[in-house]
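To begin, one chain is listed below as structure tokens, in the form predicted on its own.
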């Protein structure tokens, strides 16, 4: 049977990612605590992925956060075949070669799916030590490209486009498959911004990773970071990946949220089943502990609704960045609105109706045209009045209230999402 990468993600993936709260410091017990919360409180609404983000393989990660986000020349946990392994101090069940399998098994037992972050390439320490590669007589030094590096992370060299390089990628995905990994977030690959003259220098590695997933015997969602994704490479992302970031790291600032309307306009025609331009994580709830201090998100309640409404009507994947166990009831309610989440259906017909500096509107229709939803967004700093032409009454999906469509007043940075009667 041929491998269908689109079947891995029939809807935009919905889940939790450790980065926005923990940075490089997440531990096994905190991953499980978030998984248990998701299974109990969010799973029924479609939330299912638990993703361990960057440097799970780095002992001491976060211990010099006042100086470095990623410690230079740090010794990483690695096996004899140049494959990174979980740090046993933070992930104690990974000891004795178990890897992430015990943790993934616990996540799966909750009815959820398990994911990990990886960096494009092969560990620099493997190249320097000339360690073995599974499936070839060559070593890491033979496939590493020392001129292909991340400008922000010191862990990896790029992999050369060669048979032994493919053998390396095959070996790590065989390992991930044995652990039970369902989701891969691959970084420094969607936009390799260290190379101004070739911002997609990792293109061949996308293809190698996709081939390795196809051959590993386990379906995995492939997510590419960081952005902004390159619109002229849309065909390539769609052929080999399931998700690709259309922005650099998104945080809870109004200017970044307002800019996302421009990005969604650019990418609106590229959403389809199995293929999702990615607006990045939802910055809600408690954030930032691993960055130095826990804090509440900076978005107002209206801005939080605007973010969720745009992500959903556009059709972006949804990854929660907050510590789930600290969600308040108001935030939890935002994440559990079935009417809003239903807009993620990739078979809906979606389009931006208009956008200027002060306002925007999007439309989403069921494939048969019987269900029509319009989202109105006030992007300005003062109250604005909107109308929905050709409609007298509508139901606002956040509140459930029936409203007059001829005069809709929205506060600054607020939105309304309306099912047309």
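This structure is a prediction, so every number in the text was calculated from the model and none was measured. Positions refer to the first chain, counted from 1.
There is another form of the same protein, the form predicted together with another copy of the chain; it is not shown, and what comes next is about it.
By the 4.5 Å heavy atom rule, the three marked residues 3, 365 and 397 all fail to count as contacting another copy of the chain in the predicted complex. Contact check for residue 353: a non-hydrogen atom falls within 4.5 Å of another copy of the chain in the predicted complex.
Another copy of the chain in the predicted complex comes within 4.5 Å of no heavy atom belonging to residue 347. For the chain shown alone, residue 300 is not a contact residue for another copy of the chain in the predicted complex, no non-hydrogen atom being within 4.5 angstroms. Of the heavy atoms in residue 95, none are within 4.5 Å of another copy of the chain in the predicted complex.
Exactly one listed residue, out of 260, 127, 85, 216, brings a non-hydrogen atom to within 4.5 Å of another copy of the chain in the predicted complex: 127. This chain lacks the partner; the member of 89, 105, 249, 265 within 4.5 angstroms of another copy of the chain in the predicted complex by a non-hydrogen atom is 265. Listed stretches are 328-336, 231-239, 308-316, 163-171; the contact stretch with another copy of the chain in the predicted complex is 231-239, by a heavy atom cutoff of 4.5 Å. Along 126-148, these residues reach a heavy atom to within 4.5 Å of another copy of the chain in the predicted complex: 127, 128, 130, 141, 144, 146, 147.
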